[in-house]
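Only one chain comes next, encoded as structure tokens, the form predicted alone.
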Amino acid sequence: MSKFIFITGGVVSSLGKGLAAAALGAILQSRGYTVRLRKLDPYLNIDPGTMSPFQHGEVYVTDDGTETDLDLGHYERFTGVATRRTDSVTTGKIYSSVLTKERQGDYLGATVQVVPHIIDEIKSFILSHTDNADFVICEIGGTVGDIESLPFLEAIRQLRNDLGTEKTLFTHVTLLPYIATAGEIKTKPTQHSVKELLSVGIQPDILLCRSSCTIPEDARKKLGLFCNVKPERVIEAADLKTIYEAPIVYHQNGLDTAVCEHFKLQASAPDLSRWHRIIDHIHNPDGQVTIAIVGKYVQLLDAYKSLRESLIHAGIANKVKVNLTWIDSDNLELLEESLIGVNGILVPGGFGERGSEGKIRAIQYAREKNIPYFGICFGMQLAVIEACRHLLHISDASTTEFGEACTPVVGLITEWLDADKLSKREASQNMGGTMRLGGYECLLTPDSKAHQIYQTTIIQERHRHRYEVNMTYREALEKVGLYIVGVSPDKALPEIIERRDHPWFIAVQFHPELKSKPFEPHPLFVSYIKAAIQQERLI
């Protein structure tokens, strides 16, 4: 049976529980173990699909079509283990499942309560679909003390009793603030956080302490004493220059050793050579390029988390530093001035009309100035609209997402092939979970640049969108140099467009950033950065 590692957080949010879970998973893999990682989020939404990127950041999409928290992106990037629907749950999903069972009479007339029914549903989620992995690492969202987190904490407390200490481990991520005026690290916030955790019946086995500086030995001993944890299991998690140092640094600080000792495992030493190679390429680049990302969520960079990491991965593959210039597409006055001197322009996914004119101007600038252009999802749709307006002279070319008063070169997708069945959607449907979501196959034109990049004629990529380019305009677009070179297997939906009169101009309907990893960068991003390097040499 799998061993379960539960990761909780205290004091403040955004301490890096997701990164800690992902890095620990990577180290355990390097010791020869198999892992699964999953996230338990305390909010009442069914999933983050309808949440604003300004509130929640990026929505990560799995191959099986689940909209999830961005931490699942960390899990995949660090371990290479594809996450699934069964690796993400929210309070909303738990309550929805329990209430559905109640309506069906599954509880045989019992009064449905948080204990045992909600708690049992959470426990069932944690224990199911583990694939008999050696370790299942479960991150509990929120912070200890939040009222909405209590059911999840009660569930893992009960699992300790059900499975025993030989099958469960509690890791608590907490903050050790450095007070400059006092000139020292303060342990009291961590002590209070552990006290809060103890109040719900959970004694942490390992403390992972976030700090901006090295933890003195006396502070480590003090934490061990007052938090009832062995001093060697008070693990330092100081700020890093890059998140990809985490597997190396956490191993050096003894995190995986503490885990193996807890479970009484005699494991071989980890092989972290691939992480050392990644870090060497990050810290010792042969050059640098500048990529402009033109979007409307640039005030919160977590809205583009996977995109940012994918560009870093491509930089690692090309051994260059990728500098990112974030440009607000709403700011039309400074747009072109901000694009001067960049080596590549990228328009990412997005929803809604706000900021679209700025993105279209950026696409036109990239096309006319021969600057490498990469469009993703909405960035592909707007590239088609730009060509229709400025090359085909269809002045009102637009998308029905913005309203009906236009020439609809982009429109709402109403049906598509989903595996072996036909999926349909109506404009009046609920917004949540009704998009074309998850992994779908795409057929590539053999003589295209996309085919040269992928080195195959059939690919599978992850989607998250409601609107599609109208194939009616295919012939007209190709006459002005914009070719559809990737289509769905039934050839009804366009997936990839490219220009053949441009150094590098590719846009895709899917989200390639969701499948990129530092040790396996996505080929589109690698090729794009290679083109940006050539652009840098021309300047």
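Throughout, we count residues from 1 along the sequence that is shown. Source: prediction; values computed, not measured.
Below, we refer to the form predicted in complex with a small molecule, which is not included among the displayed structures.
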Using a 4.5 Å heavy atom cut-off, which residue among His465, His281, His117, Arg160 comes into contact with the small molecule in the predicted bound form? His465
Listed residue (His511, Arg36, Lys39, Arg499) with a non-hydrogen atom within 4.5 angstroms of the small molecule in the predicted bound form: His511
Quick one: which of 465-473, 338-346, 125-133, 288-296 gets within 4.5 Å of the small molecule in the predicted bound form, going by heavy atoms? 465-473
I'd like to know if Tyr454 sits close to the small molecule in the predicted bound form, meaning any non-hydrogen atom pair within 4.5 angstroms. no
Answer yes if any heavy atom of Cys377 is within 4.5 Å of a heavy atom of the small molecule in the predicted bound form; otherwise answer no. yes
Residue contact check: Ser310 to the small molecule in the predicted bound form, 4.5 Å heavy atom: no
Please determine whether Trp326 contacts the small molecule in the predicted bound form, using a 4.5 Å cut-off between heavy atoms. no
